[in-house]
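Listed next as structure tokens is one chain, alone, in the form predicted alone.
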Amino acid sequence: MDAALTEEINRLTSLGLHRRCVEGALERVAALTLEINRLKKTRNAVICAHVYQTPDIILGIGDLVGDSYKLADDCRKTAADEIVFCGVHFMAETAKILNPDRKVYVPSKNAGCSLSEAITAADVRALKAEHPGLPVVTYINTSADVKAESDCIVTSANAEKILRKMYAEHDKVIFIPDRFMGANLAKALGKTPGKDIILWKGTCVVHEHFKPELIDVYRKKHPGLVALAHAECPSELIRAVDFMGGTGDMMRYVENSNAAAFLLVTECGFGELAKLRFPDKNFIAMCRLCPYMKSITLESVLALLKDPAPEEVTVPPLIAARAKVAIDKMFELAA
């Protein structure tokens, strides 16, 4: 076996990839990660990997790893010429808006998002016409066109903090597009949907299907279990868990807790990453796969690096300029 390939296998093994969540032989994966890491250096490219990606992508080739907020913030600081975004399209658009002079790519034509597809710029304009003067607070899981119609962007990591600041200046706000997250935030803030906070009808294809009755089933089977759920889950499920937050919040909770077991109610990739980071902690599986995130593979990343042109992400300059105002507002209020 080639010495470089042997070294790469050893590197991946040291990261725990020999234990779980790698399709096929580790040798095949190592051959792909070795070539990808070689090509990204040649191109002066940085690979962003969202925590919902598979561990072979996150640990094997990821340079910047995190949730939507962290990756957006990290992209502002990169010195790379190119950004390869192993996430979904709206994340790559955000990276392009923040890095207009860099090439940005997504290694899959199918990396969409049900929330992003749930609302259009025309829908936002209609909402603003129906509720004149209200600030539009928009979840980052939206298109650049929708961000351009917004006053401030939020992520699951900072939405509650930013909304508290918005309510210090406004009695009522529009929150789009996730109706479940909006309802969960309304409860946390003591606000009433339809009265103090105007919501849209969007939902996440992953989080909308979790069943709250299963939480009690798991608690009975695993005494001392702590249940954590993403804020995109339905409110009846959130009422049944111990903690609600974004993936970054959930990971910090796990890190700082000695619970007997952890139930992570979100996309499966996050649970696999948690298992690799904390191999001595007990995790109980209750997850769903995101078909958009999982459309990205090592093979698709390698194909992109060999011929990136078809997968380049572009945002019209006027749209990008307006959207950046709302994104910058997020960074300001989240500080």
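Since we're looking at a predicted model, the values are computed, not measured. So that there is no doubt, residue numbering starts at 1 and follows the sequence shown.
One more form of this protein should be noted, the form predicted in complex with a small molecule, which is absent from this view; the next part is about it.
Original post:
Does Glu149 reach the small molecule in the predicted complex, with heavy atoms at most 4.5 Å apart?
Top reply: Heavy-atom contact with the small molecule at 4.5 Å: absent for Glu149.
Original post:
Should Ser68 be classed as touching the small molecule in the predicted complex when contacts are defined as heavy atoms within 4.5 Å?
Top reply: Contact check for Ser68: yes, within 4.5 Å of the small molecule in the predicted complex.
**OP:** Look up in the predicted complex whether Tyr139 has a non-hydrogen atom within 4.5 angstroms of the small molecule, and give yes or no.
**Re:** Judged by the heavy-atom cut-off of 4.5 Å, Tyr139 is in contact with the small molecule in the predicted complex.
**OP:** Answer yes if any heavy atom of Gly246 is within 4.5 Å of a heavy atom of the small molecule in the predicted complex; otherwise answer no.
**Re:** Contact with the small molecule, yes.
**OP:** Let me know the one among Ala144, Leu163, Leu228, Met91 whose heavy atoms come within 4.5 Å of the small molecule in the predicted complex, would you?
**Re:** Comparing distances to the small molecule in the predicted complex, the residue within 4.5 Å is Met91.
Subject >> Stretch in contact in the predicted complex with the small molecule, which is absent here, among 274 to 282, 306 to 314, 35 to 43, 48 to 56 (heavy atoms within 4.5 Å) >> reply: Selected range: 48 to 56.
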